[in-house]
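Shown below, as structure tokens, is a lone chain in the form predicted alone; questions about how it binds or moves come after it.
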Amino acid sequence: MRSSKIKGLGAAAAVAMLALAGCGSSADSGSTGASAAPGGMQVPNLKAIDKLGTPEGEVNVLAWPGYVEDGSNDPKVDWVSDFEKSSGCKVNVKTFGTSDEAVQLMRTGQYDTISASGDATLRLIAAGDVEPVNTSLITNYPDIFDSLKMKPWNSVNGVAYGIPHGRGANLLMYRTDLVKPAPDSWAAVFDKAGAQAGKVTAYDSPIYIADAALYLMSAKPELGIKDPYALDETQLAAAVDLLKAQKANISEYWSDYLKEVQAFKSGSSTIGTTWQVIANVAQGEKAPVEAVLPKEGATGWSDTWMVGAKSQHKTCAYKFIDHIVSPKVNAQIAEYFGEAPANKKACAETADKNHCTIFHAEDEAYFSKVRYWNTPISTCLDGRTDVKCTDYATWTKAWTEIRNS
């Protein structure tokens, strides 16, 4: 949920940064939305547009900070002005700080397109706030990494509901001078957290429960967790117990990148979850830290541009999305924001020629270990039908309980 995605990192880095279970193998859209997703969850029967029309003159965009820059924050950072001139579509942008806020705003029907994370996409699809997208109308869609297309967070029953934008992993960061030996497992912040008592940090969001669940997949296989976002009551209870035990060793729960960087620089935090861009900034400020993808893998994010079902400016919305995922612009955003671009041709357009290497943009073996954020729902995302899984509201209640324990 990236509850505080506003991260202004300046020119060198970025603004640092969750869907239905049913991902089909066919990437065609423009068809009727599925009436029932795998597992029996009902979704509205909506259709994508068949063709583009005359640009309507404007597009109302709902976005994470750092995704739609028009030069007002930094004159050197502007990928909106040229689009407005060439398309005839004036871009009106509203940013949001949490996925919960984004969902509420999108439900007003005032926005034509949204950059949604995986914990928001499911809710938007199920509520009928967004509609399927006709990928044939996005000229840059063929250049999007295939590994990001038609996934559980951006499609339903073989129907695309969005265009991939960028991705990243939630990593384990540690002070190299204070944490020895170098950790290679999430056990360092869970079962072995006592070794850094009072200096462990964790992401402040209910979705962090999935990090505990991912660890338990291998640490306690008898629990039978197959998907960290599909937890029945027993599995959720195990994750909650693990996080309550962890809390005794927590220095602070973070959502602001600046605070995490400062905590690692001062040594008040020595180990915990992070993003690659935060590790880069900390290293740039001479903090002796490293960030690794643990052997259990990690959670992560893959954001999606979606089209509002009530949009009055759908031609402008499609043109805008196509512009945003074009190689040059996708590269600019990836560098400014601090993530791997979704367009494979973007890697040739980055100012820092090492950017895609640093963020593993073309490393599918790396991202095969990443469990992208998904929305926990009562219909088990792992396909189980003999039990009821816990939903996001239950996770939110559990997270409050953990934080107050």
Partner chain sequence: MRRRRGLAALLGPPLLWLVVAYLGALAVIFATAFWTTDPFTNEVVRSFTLENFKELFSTTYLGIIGRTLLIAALVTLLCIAIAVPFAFFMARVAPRRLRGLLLAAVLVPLWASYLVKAYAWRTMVQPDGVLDSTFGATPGYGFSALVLTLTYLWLPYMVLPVYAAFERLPETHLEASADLGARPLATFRRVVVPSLLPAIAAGSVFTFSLSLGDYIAVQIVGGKLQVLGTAVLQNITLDLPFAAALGTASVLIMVLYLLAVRRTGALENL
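Numbering follows the first chain given and starts at 1. Since the structure is predicted, the reported quantities are computational estimates derived from the model, not experimental observations.
Keep in mind the form predicted in complex with the partner chain is missing from the figure; the text below concerns it.
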Of 152, 183, 206, 228, the only residue with a heavy atom within 4.5 Å of the partner chain in the model of the complex is 206
Which one of 323, 314, 123, 167 is close to the partner chain in the model of the complex, taking close to mean a heavy atom within 4.5 Å?
-> 123
Flag residue 100 as yes or no: does it have a non-hydrogen atom within 4.5 angstroms of any non-hydrogen atom of the partner chain in the model of the complex?
-> yes
In the model of the complex, does residue 290 have a heavy atom within 4.5 Å of the partner chain?
-> no
Is the gap between residue 199 and the partner chain in the model of the complex 4.5 Å or less for some heavy atom pair?
-> yes
Residue 388: heavy atom within 4.5 Å of the partner chain in the model of the complex?
-> no
Among 87 to 95, 158 to 166, 276 to 284, 242 to 250, the region lying within 4.5 Å of the partner chain in the model of the complex by heavy atom distance | 242 to 250
Assess the spot marked by 263, 268 and 399: is the partner chain within 4.5 Å of a heavy atom from every one of these residues in the model of the complex?
-> yes
Compare the CA separation of residue 77 and residue 258 in the model of the complex with the one in the displayed structure, and answer closer or farther (the difference is at least 3 Å).
-> closer
Using the form shown as baseline, tell whether residue 77 and residue 259 are closer or farther in Cα-Cα distance in the model of the complex, where the change reaches 3 Å or more.
-> closer
